[in-house]
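Presented as C-alpha cells, the chain that follows is alone, the form predicted alone.
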Amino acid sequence: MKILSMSGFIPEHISDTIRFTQYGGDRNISNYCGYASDFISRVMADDTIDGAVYPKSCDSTRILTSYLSECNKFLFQFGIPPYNVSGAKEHLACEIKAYKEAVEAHYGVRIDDIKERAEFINKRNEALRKTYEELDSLSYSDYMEKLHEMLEKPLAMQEWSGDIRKREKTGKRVYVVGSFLSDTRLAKIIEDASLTVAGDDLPESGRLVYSEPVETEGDIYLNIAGSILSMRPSPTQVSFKKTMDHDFESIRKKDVRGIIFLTQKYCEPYDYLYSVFSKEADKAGIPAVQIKVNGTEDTGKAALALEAFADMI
C-alpha cells in the first residue's frame, strides 16, 4: 500500500504513509488553499498512490473527501478534536482505532506492531530533538531537506543520524512560523540572506520534536492520541493567543532578532494568526515578515523579501 498523508495529526504508529510535501503537476482547483489543492491533485493524478489519509482540521481540509470521492482509492479522514477540552483524547483515540480497522479492511492486512512502531518513533523523535536544539549552528536547508527525505520513507527506514552540515552563526537570528514547509528551497533562501534560524514551530520540526513520547503500557490508542495532542498547538485548532504564547516563549528563550511567517495563499487560519502575531512582535520590538506562497512549489518573490528583511535586523 502507498498512502499519502497530510498533516502532523496523522498517526505514523498505525501504518506506513508517504508524507505529502510537493506536487508539480496540473492543479485541479484555483482560488483555494495551495497546499490542500496540491494534495488533492497528487492523490487524483498519481497512479502510484493508492490511498490518502488527512485530517478535518480547517475549512480547506474539511471538504477534501468531496473532491477525492471519485478517485476510487482508499480514503480516511480524521475528525480532530479541539485541544484541551473534555474528551478530546478519547475522541481522537476512537478515530485512530477506526483508522487502523479501515486500513486492515481495505488492504486485507493485520496490524499488530503498533507498540513497536511507537517505540521506534519515540527514539527517532528524541534523536531529532538533539539536532533541533543545536539548530542555530547547523544548515537549516540541509536539516529540512533530510527531514523531508526521511518522512517519505517507510518508518523502519527513518533512522535519524543527525549528520547535518555545520554553518557559521550570524547575529541575525530568526524564528520561522507557519505550516508544513512544503518547498525546502525557502530554507535555502533564508540562509542565502545571511539569516540564522534559531528555531521554528513547523509541524515536521519544532512541533514534532517536542511532542510527548508515547507510553506503550496501557491503552495504546489513548497514549498515541495524547502524544499527538501534546504537540505545540496549531492555529487551526486553538485560539490564536495559545499558539502565539507558545511561539513567543520560544522566541524569547532563543534571543531571536526577527520572525519569518510562512503562509499558503488562501489559508485563512494562518493569515489571521499573522495579523495578531505581527502586533505582538511590534510590542516586543521584533520585526516580522510574511512570506505568502501560492502552491507547494512556489517561492515567488521570497528571495527579495527576505534580503530586504535581513537588512532590517
Partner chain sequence: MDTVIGIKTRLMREYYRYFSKYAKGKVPEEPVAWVTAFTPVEILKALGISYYYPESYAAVIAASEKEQEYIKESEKRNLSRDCCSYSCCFNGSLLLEEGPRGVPPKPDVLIATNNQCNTLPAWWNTLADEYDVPLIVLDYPGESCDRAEAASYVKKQHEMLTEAMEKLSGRRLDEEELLRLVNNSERSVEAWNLLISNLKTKDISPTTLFDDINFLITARCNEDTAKLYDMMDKECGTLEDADPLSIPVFWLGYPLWYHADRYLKELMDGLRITGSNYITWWSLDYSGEDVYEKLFNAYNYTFLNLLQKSRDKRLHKLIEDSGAKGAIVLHNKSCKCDFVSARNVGLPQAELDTDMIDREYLNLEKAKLQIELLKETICRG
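Everything quoted here is computed from the prediction, not taken from an experiment. Numbering follows the first chain given and starts at 1.
There is another form of this protein, the form predicted in complex with its partner chain, and it is not shown here; the text below is about that form.
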item: One residue of K188, H91, K115, R207 in contact with its partner chain, assessed in the predicted bound form (non-hydrogen atom, 4.5 angstroms); value: H91
item: Answer option from N72, S137, S161, S239, heavy atom within 4.5 Å of its partner chain in the predicted bound form; value: S239
item: Exercise: D271 in contact with its partner chain in the predicted bound form, heavy atom 4.5 Å; value: yes
item: Proximity of P81 to its partner chain in the predicted bound form, heavy atoms at 4.5 Å; value: yes
item: Any non-hydrogen atom of V85 within 4.5 angstroms of its partner chain in the predicted bound form; value: yes
item: Partner contact for T48 in the predicted bound form: its partner chain, 4.5 angstroms, heavy atom; value: no
item: Those residues of 34 to 61 which, in the predicted bound form, come within 4.5 Å of its partner chain by heavy atom; value: K56, S57, C58, D59, S60
